[in-house]
Every structure is written in structure tokens, then in C-alpha cells.
Ligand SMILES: Cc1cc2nc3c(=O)[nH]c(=O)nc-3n(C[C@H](O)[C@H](O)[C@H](O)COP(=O)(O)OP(=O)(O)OC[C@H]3O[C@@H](n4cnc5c(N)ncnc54)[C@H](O)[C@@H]3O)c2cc1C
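Coming up is one lone chain in C-alpha cells, specifically the form predicted on its own.
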């Protein structure tokens, strides 16, 4: 039986031999080939946490995090695209066995990508503000709304869509629906930014009175919001690990090979100090991230540690990636190097699964709760 260590070694080989040669064009708007998606399926990357009997690998959250970090060291967007499809497959297995039997084979093989559609034009970190509405009908459900900034939305065939059910307007009214994005009433679009979103497949879609069968409701109101919070804690932890991996790749990128004034960069004190400061701060954020990842298994501190780890990892990258690029010089701007790719990616990481300001507010509230919060 394959161990987690064996699997991680296989992922590392894939990242070095198949993923790394492909990423250069992605900064210019190209996207990952279908062959890379199928290769991820062959490696079991869409079923890491699913049990063996469901077609998965039966590995744990910590291993999924290590896989995400390995991929992100090459390209953050591809890593996020892979893990989002994995998370949809896992949710189907946990919450909708009948739908899982229908959809898992194509998800696990890499034939179909999937996304989780929570964010809307007016609802990001404030999940309770979402406006997509699902109304019960004699035949099931009818759902209308708009989703944006969704990873994989450009090409996903399936989506878990969060919507408010009935006339309720608070977080308790939110349900989760399995939606086939190829059916009538769904119109999708790409979401562009100042840097390429191609490898992440960022986009959105409009749902215009889309008819769904009763079994499409996979998380009913009252359960969906709690699932969101739990899954976001995990996402914050693995995003922190991915940021650590990007910075570690940048630290290792160039100093041993580049020569300046007839001496390797490593022989210049100013360059060494920049590298040493990055390495020191990276060690600190890796230690915090390891605690956060370990806490996801059920420790009460998961919310706090996951938020702290994501904030610290993002801010550490935002501080040191520009400094490392400057230390390398103009050569570092070439797409063959990871610096500009990771510098752009960390801006997405800063906004994924909670922006920095609301996360800091969460850290403050969890660290120093008011008397009312203690009572709640």
C-alpha cells in the first residue's frame, strides 16, 4: 500500500517534471492543459482525503496541505484549482452519497473540474450578505443569483452553490446546492485582474431561474453555514502553507548561481542579509502554520490559529518577495523564474478565504472576547 511519504514524493516529481515546464506561459493568459488535469487525477490529487472505498487515497488533512504546498511552490493558481475540485468531491462524499455515486468517477479522474461558489459581487468575507436565492418548487428548487471571483468557474462542470433558501435573510437560511453548470439558465464568465488568473480558472456565473431536483440540496439551512466556517478554517491553514512554499521557492531561486562584480551573490553581504531575514521570518511563519494545520483535526483553537497563520504567512510573503526580487535584479522579472509569479499570487492569497483586515478582527475577538461573546 502506498504511504503518504511515497505519494508526496510522486507529487514532487510531477511538480518538477510536468508542472514547472508548463507554467511560463500562464502569466500571459494561457491556462493549464487538460493533460495536466488528467495527470493530477492519475496521482489521486482529487481524492486525497476520500476513503479508499470511495475511490480516494484515504490520507489526512496534513498530507493534503503538503501536496498543496508542493504544487504552490511552482504555481499557486494550479494548486488552488486542484484543491477546490478535491474539496467538492469530498463534500459530495460526506453529504450526498447518491450524487457522489454519479459524479465522483469524473471528478476523481480529472475529467471534470469543480468549484465552490460562495463569493458574490456584494458578498465576500461577509458570507451572510449573499443574495443568491433558492425557492422551493413542486419539482425541487429554483435558484437565481450571480457568483463572482470563483476558482475554477471558467471551466468547471460542477459547482456547490451557496444560496439563501425561502424568504430567510440571515446566515441560518443559507443552504448548499449541487449545480451542473452545463444546464440551461447558467451563463459563465471569466474574471480578469491586473495579473493572470488563468491557472486558477477565476471566473463567475449567473443563475437565471435554474431548475434543480430535490436532491440537489446537499446541505440544508442550518447546516451549511457551519460547514462554511469549518471548511474556511482548513482553507486558511493550507493557504498559509502554500504561501510558505512560495517564499521558500523564492529564497532558493537564484543566489547560488547569479554572479555580480565577478562574485556570486551569496558572497555579497547585503544580499546575504536580505536572504537571512527572509529565511528567519519564514521559519517563524512555518512554525505557526504547522500548529494551525495540526489544529484542524479538532482542536478548539483551530479558528484562531488558522486566521493567525494565514495573516502571518501572507504578510511575510508580501514583505519578502519584493525584497528578493530586488536583490535578484531585473533577471528576476523573467517568467522562467518564480518571483513575479509568486508576487502576483500572494495578492490573491491575501484575499482568498478571508481578507487580512477581517481576519485580524477575528483574531482580536477570539483573543480578547467581550463578556457578551463569552456568554454566546
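None of these values were measured; they are calculated from a predicted model. Positions refer to the first chain, counted from 1.
In what follows, reference is made to the form predicted in complex with the named molecule, a form of this protein that is not presented.
At least one heavy atom of residue 149 is located within 4.5 Å of the named molecule in the model of the complex.
Looking at residue 278, you'd find every heavy atom of it more than 4.5 angstroms from the named molecule in the model of the complex. Although the partner is absent here, residue 118 is a contact residue: one of its heavy atoms lies within 4.5 angstroms of the named molecule in the model of the complex.
Put simply, residue 132 is far from the named molecule in the model of the complex: not one heavy atom of it is within 4.5 Å.
Proximity to the named molecule in the model of the complex, taken as a non-hydrogen atom within 4.5 angstroms, holds for one residue of 124, 172, 157, 140, which is 124.
Contact with the named molecule in the model of the complex, defined as a heavy atom within 4.5 Å, holds for exactly one of 87, 303, 197, 285, namely 197. Checking 58-66, 36-44, 344-352, 322-330 against the named molecule in the model of the complex, the stretch whose residues place heavy atoms within 4.5 Å of it is 344-352.
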